[in-house]
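Just the one chain here, the form predicted on its own, laid out as structure tokens.
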């Protein structure tokens, strides 16, 4: 598949068929992820591939419990509505044939910007984000669909790390749901035009 066609075909998909994901294809996606650029080539990423149904369901139950606790702690109805949607979005990995937990570790090189910089960058997370993008594009090129969600880590990072046996300095960034889409993706949400997001100098 042409690269630009692959980019255009990639959609965030949350519902999958029961068709399995070939092991060799998973290895291909992971290799693509490892070829992503990273700050000073530290490659601060790890991937835990989860196909065990009981483990995925246990992870889902942990996230659900944490979301319900957060929901019970607020009386703001608009926030409650948002949390109800997030509960479903944060657990769709449990119904995917494969869930890939994405880990990062702090960037060893440290930052170059002054400590007072209000826009300091996390170079480890920036690097891991590029690896995730590589993996998802590889999945698309191989005929699969995927969706990356950071919310499981936002709601239940420590609990999920315990279930997965994650040890410091590694920490959970998010989970990629992976499989064959249950149905063709709908119309892509409107994207800003190149003219809206670009400035040319010179």
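Residue numbers count along the first chain shown, from 1. Computed from a predicted structure; not experimentally measured.
Unshown form predicted together with a small molecule; subsequent notes refer to it.
Between 50, 26, 62, 147, only one gets a heavy atom within 4.5 angstroms of the small molecule in the predicted bound form; which residue is that?
Comparing distances to the small molecule in the predicted bound form, the residue within 4.5 Å is 147.
Does at least one non-hydrogen atom of residue 151 fall within 4.5 angstroms of the small molecule in the predicted bound form?
It does: once the small molecule is placed as it appears in the predicted bound form, residue 151 has a heavy atom within 4.5 Å of it.
Whether residue 15 contacts the small molecule in the predicted bound form should be assessed with a 4.5 Å heavy atom distance threshold; does it?
No, residue 15 sits far enough from the small molecule in the predicted bound form that none of its heavy atoms falls within 4.5 Å.
With the partner left out of view, is residue 11 within 4.5 angstroms of the small molecule in the predicted bound form by any non-hydrogen atom?
Yes - in the predicted bound form, heavy atoms of residue 11 and the small molecule come within 4.5 Å of each other.
Could you confirm whether residue 188 comes within 4.5 Å of the small molecule in the predicted bound form, counting heavy atoms only?
Contact check for residue 188: yes, within 4.5 Å of the small molecule in the predicted bound form.
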